[in-house]
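Shown here is one chain on its own, the form predicted alone, set out as structure tokens.
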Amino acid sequence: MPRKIRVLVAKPGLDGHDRGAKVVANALKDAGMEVIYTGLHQTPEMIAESAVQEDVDVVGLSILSGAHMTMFPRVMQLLREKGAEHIIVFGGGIVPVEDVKKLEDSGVSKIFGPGTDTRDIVKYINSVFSE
């Protein structure tokens, strides 16, 4: 039996709203993935360290504060420094369209905007690991 896809869902920065992150975490669990939710107010260092310690395949970052251009690239940099560039990172929340390409260029694999159907997120993650 193949190992379940392990996903870390994290809220970087000072966001105090995590309903969306919890909805995504539950949808991924319901789809058969192993999910670790780190909770609110995580630093990029805490997120990268947890991702490595938990041996995850995927990190999902949720942000509403507008700090995505600082937080997401910093998580990517730390994962590279830890030799964990194989971990797929996706993001969600409030990310302006003009920032999506910049984040993808920094290594974030996909950005899901508000109102994304959670089945699309599940489908995306499954497609990455079925290749």
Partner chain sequence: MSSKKSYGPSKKKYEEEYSKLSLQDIDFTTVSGAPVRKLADPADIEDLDYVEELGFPGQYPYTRGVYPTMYRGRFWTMRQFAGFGTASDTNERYHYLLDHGQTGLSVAFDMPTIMGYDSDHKRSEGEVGRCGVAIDSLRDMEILFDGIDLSGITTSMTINAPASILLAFYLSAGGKKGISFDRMGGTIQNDILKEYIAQKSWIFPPEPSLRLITDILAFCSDHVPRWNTISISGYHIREAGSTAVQELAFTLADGFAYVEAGIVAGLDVDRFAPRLSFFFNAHLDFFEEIAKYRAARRIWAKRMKEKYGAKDERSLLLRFHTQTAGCTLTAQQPENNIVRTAFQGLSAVLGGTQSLHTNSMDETLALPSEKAVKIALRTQQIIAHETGVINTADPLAGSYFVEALTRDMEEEAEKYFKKIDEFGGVVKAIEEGFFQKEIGKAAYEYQKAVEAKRKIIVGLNEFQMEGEKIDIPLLRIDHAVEESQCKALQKMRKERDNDKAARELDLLSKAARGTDNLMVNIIDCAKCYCTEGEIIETLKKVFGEYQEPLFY
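Numbering follows the first chain given and starts at 1. Please read all numbers here as calculations on a predicted model, not as lab measurements.
This next part talks about the form predicted together with its partner chain, which is not shown.
Do residue 123 and its partner chain come within 4.5 Å of each other in the predicted bound form, heavy atoms counted?
-> Judged by the heavy-atom cut-off of 4.5 Å, residue 123 is well away from its partner chain in the predicted bound form.
Considering only heavy atoms, tell me if residue 99 and its partner chain come within 4.5 Å of each other in the predicted bound form.
-> Heavy-atom contact with its partner chain at 4.5 Å: present for residue 99.
Is there a heavy atom of residue 116 no more than 4.5 Å from a heavy atom of its partner chain in the predicted bound form?
-> Yes, residue 116 is a contact residue.
Using the partner position in the predicted bound form, report whether residue 13 sits within 4.5 Å of its partner chain, counting heavy atoms only.
-> Yes - in the predicted bound form, heavy atoms of residue 13 and its partner chain come within 4.5 Å of each other.
Partner contacts for 61-91, taking its partner chain in the predicted bound form and a 4.5 Å heavy atom cut-off | The stretch touches the partner through 65, 66, 67, 70, 71, 74.
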